[in-house]
Each structure stands twice: as C-alpha cells, then as structure tokens.
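The form predicted on its own is given below as one chain in structure tokens.
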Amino acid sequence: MGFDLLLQNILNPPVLMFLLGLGAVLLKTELEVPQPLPKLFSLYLLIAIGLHGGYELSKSGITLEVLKVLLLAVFMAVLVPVYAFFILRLKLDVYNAVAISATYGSISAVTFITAGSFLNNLGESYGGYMVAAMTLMESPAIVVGLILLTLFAKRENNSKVNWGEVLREAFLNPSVYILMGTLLIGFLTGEKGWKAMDPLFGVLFKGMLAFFLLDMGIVAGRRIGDIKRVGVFLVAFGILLPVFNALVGIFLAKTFGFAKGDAFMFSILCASASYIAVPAAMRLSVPEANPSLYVTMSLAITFPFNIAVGIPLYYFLINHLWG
C-alpha cells in the first residue's frame, strides 16, 4: 500500500477528528460530546446520504447494471455470516458465534460515509445506487444468524426466537427506515429536490461527519479496555475477516465488471461490521450471547482498523486492478 495514500487518508479532517476523540479517552481528558447531539449527527448523516443517493439514482435510473450491484450486495450479506459462523465455531459456542457472525454479515453506515468522503477527496465518484446496496445489506445477516441459531442451538422452550419481533427489528429498524425513506424522497424529487436541500445536506456534510467521528472516537476509546476480554483469536478475526471479505467483494466486483468507484464502495460494505442495528437485534433474540464480545469487536477493533488502514488498503488494491 502506498504510504502517500495511507497518509492522505489519515490527514483527512474527519479521520483526524476520530483520532482526536480516541486520544482524548486514552489521555484521560474530560472531553465529551453532549449526548443528544450524536443522535442528531447520526440522523443527519443518514438523511444526507439517503437524499444524495436517491438523487444520484434518479440520474442513473434502475438499469441492469444497478440490479446486478443490488443482487450481489444481498448475496454477500447472506454469504458472509454463514462462513463467519463456521470459523467462529472453532473457538466459540453457538450463541456467540451467531451474534458475531451476524454482526460481520451486516454493514457500518459510518464506514461507508467515511469511505465516500475519502473517494471524493481523490476526485472520484460512485453510483448513488450504492446507498440502496448499503440499505439492502443491513438486515439479511440478522435473519441468516437466527436461522443458524435455530439449526444449531438446543434452546430452552422459554427462549424461542420471536420471529415477528426479529423481522421487525431487521427490516424496520430506524437506520433502514430513514435510509429507505430518504432514498425514495431523493429519487422522486430528483435534481430540483437535491438543489433545495444541498445547502444543509451537501455543503455542511463534511463538518457534521467530523463532529460525528469525534464522538465515535470517544466511544471507541472507551471500548479499547474491553479488548483484553475478547482474546487473541477474536482480535485477529476482527481484523482478518474484514480484509478477507473485502477481497471477496473486490473479486466479485472485478468479475461482474463494476466501475472503479462502485467496486471500492462495495468492498467497504463487505468489509464493515454493524455496531448499531445487529447488536440491538442480537440482544433481543440471542440473550445468551455476550454483547461485550460482538460490540467490542465491531466498534473497537474493526471500525478503527477500517477507518485508518482498511479504506486506503482496499483502494490501493482496486486502483492497482482497475488502473
């Protein structure tokens, strides 16, 4: 990986804000973001990415190329938790293997947004339909995880899966709902709608992302102490599996002729792990699993790795292959 590419990613203001938040915890300062604000930043980012994605989708239209990307996104969201589960079963019980594999089968919207900012800084673009791909990849891993649970776990009668609640959490959780809704709004209103919203959701986007990543750095820093409880096997899993998933994504993108920017964003989606939607669903449906494992792995290991190293690494590989 080129050192200049790694340096360019780290010297990106939002990434530096993440490291600033991380350092604040490690240096034991009292810095914190007032708690109602991170929820507002999160909502803002989801609305902005949904509206812009819908606008871009309205320009490209729903073509065969778009359908191909969406189908491969769902394919990876189903495949990843299956092979992750069997790797994890080498060391873990069924419940923790299900929860962690579902976490890594889903995606991180913040990693996706940060990667989009990285790509924009390089003057390259990606299709707005990648936002639709991101939305489609958030939920299938929850369902796949619970199917694995049903097949492999011997549970007590009073801990049977409530499929109605699980499916509701999978497909109507707030992140999926707001992304799908704003994507539809952006698609229906097109260029006129985006121009009206651009001053708030376009011009201010990078500043709001920096605020959000400052808070994420603080949250990740508070989780770093939990890594000791996770163990060497799971720390290695939290770094190596995302890299492997990205390589599978890059292989599929090359095989099916994705454009360069789309291939990069697809690899980011394959490599990221959920730390909001899936943990919430796992707490509800797999209470036997230990949240300090799957939340710590996703938030304190995989997320910082992808932000600092994964994004330039995957881009370096794609740039080499696509030219």
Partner chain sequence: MKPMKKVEVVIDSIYLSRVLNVLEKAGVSGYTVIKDALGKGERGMMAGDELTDVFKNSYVFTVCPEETAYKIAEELRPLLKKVGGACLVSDVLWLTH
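Positions refer to the first chain, counted from 1. Not measured: the values here are computed from a predicted model.
The discussion below concerns the form predicted in complex with its partner chain, not included here.
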*Would its partner chain in the predicted bound form be within 4.5 angstroms of a non-hydrogen atom of every residue among L240, Y314 and H320?*
no
_Among the candidates L57, A48, I276, L70, the residue which, in the predicted bound form, approaches its partner chain to within 4.5 Å (heavy atoms)_ = I276
*Which of 78-86, 116-124, 220-228, 136-144 sits within 4.5 Å of its partner chain in the predicted bound form, heavy atom basis*: 220-228
*Contact flag, L284 vs its partner chain in the predicted bound form, heavy atom cut 4.5 Å*: yes
*Contact between L22 and its partner chain in the predicted bound form at 4.5 Å, heavy atoms?*
no
*Classify L183 as contacting or not contacting its partner chain in the predicted bound form by the rule of any non-hydrogen atom within 4.5 angstroms, answering yes or no.*
no
_Can you tell me if V295 lies within 4.5 angstroms of its partner chain in the predicted bound form, counting non-hydrogen atoms only?_
yes
*Counting only non-hydrogen atoms and a 4.5 Å cut-off, give the residues of 20-37 close to its partner chain in the predicted bound form.*
Q35
